[in-house]
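Shown below, as structure tokens, is a lone chain in the form predicted alone; questions about how it binds or moves come after it.
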Amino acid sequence: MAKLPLPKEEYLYRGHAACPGCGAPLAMRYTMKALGPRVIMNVPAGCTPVIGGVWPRTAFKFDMMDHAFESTGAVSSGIRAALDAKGIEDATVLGWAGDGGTVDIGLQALSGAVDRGTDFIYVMMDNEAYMNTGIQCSGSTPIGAWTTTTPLGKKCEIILQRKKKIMEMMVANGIVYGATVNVAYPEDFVKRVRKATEYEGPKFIHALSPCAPGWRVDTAKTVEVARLATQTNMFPLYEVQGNEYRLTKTIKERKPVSEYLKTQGRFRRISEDMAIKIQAMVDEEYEELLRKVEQSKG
């Protein structure tokens, strides 16, 4: 994949209030570099409204409003309708929510916005748990991960619940464009978000964004760990236009899933047998993705 020079403009200033090693500021920087200043972002309660800092100062160089946890899709539709009523066509409506606010609590509002054909971009910042409220399990928490509601003590069984296939749900729902992106691959990140602007209607971006405290990793290693997620096929990078799938990052020498699991304290209680099962699940889901890519070639 040809590298895309990153735009120099910054829309997230230094001195923000995110934790050291947080993936969210990276995701926000890359998204805004792709979209430019004519953006109205709306976010639910969570880490993102806090990242801007304490009033009257803010690290954000763009318009943002926050709202109730479950409302990102509905608020996005409202902002779009208001802009249309005023005849403003050059502003991008950006819905921005975490995995809990997307796959769980905000799913109905997101689905409604897609049903209405709202012309907006929705970014799901996936750190794989409810990190802002204390690392509780979400519908996007991977198999075997420790959270405060899946404690993995001696008497607790590892939950075999797979992550919700949110991209598949959105494709079935009717998005016009979707892509998975990873903060460890900034050029691809910017390219996918820019591509989303080429389509009119609902677009969905699924962004992997590590949380150092929740994943139990060294704050200096979060990008390295995020890159391993794609190098092991735990989080493959691809895009969907209508029903056509295309890989956006091909891994020539795939690494074993166990290498990814061992980097994070949240997987420290996983046995070798469980790691083998997770590898099999990852392989199965990747083969399913490859079949869709091949079918898309016609």
Partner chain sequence: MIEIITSNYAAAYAAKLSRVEVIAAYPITPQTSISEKLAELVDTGEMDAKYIKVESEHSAMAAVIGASYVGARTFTATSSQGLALMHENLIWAAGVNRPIVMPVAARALSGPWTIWSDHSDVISERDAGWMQFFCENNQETLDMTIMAYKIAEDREIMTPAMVIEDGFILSHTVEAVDMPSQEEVDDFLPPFDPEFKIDFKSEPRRYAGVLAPDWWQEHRYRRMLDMEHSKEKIVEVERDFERRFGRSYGGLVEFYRCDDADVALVIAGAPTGTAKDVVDEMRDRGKKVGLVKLRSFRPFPGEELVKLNDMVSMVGVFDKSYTMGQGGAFFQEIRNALYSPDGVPIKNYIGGLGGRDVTKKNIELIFEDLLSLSKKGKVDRIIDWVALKGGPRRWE
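Numbering follows the first chain given and starts at 1. Because the structure is a prediction, the values reported are computed rather than measured.
Below, we refer to the form predicted together with the partner chain, which is not included among the displayed structures.
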**Check all three, A220, A226 and K262, heavy atom within 4.5 Å of the partner chain in the predicted bound form** = no
**Fill in**
Here the chain appears without its partner; judged in the predicted bound form, the stretch of 79-87, 206-214, 133-141, 186-194 with heavy atoms within 4.5 Å of the partner chain is 79-87
**Prompt:** Using heavy atoms and a 4.5 Å limit, would one call E168 a contact residue for the partner chain in the predicted bound form?
**Reply:** no
**Message:** Given that the partner chain is not shown alongside this chain, does V75 nevertheless sit within 4.5 Å of it in the predicted bound form, heavy atom to heavy atom?
**Reply:** yes
**Message:** Considering non-hydrogen atoms and a 4.5 Å limit, does the partner chain approach A172 in the predicted bound form?
**Reply:** no
**Close approach of E244 to the partner chain in the predicted bound form, 4.5 Å, heavy atom** = no
**Listed residue (V39, I270, V240, V257) with a non-hydrogen atom within 4.5 angstroms of the partner chain in the predicted bound form** = V39
**Asked** Heavy atom within 4.5 Å of the partner chain in the predicted bound form: which residues of 114-141 qualify?
**Response** D115, R116
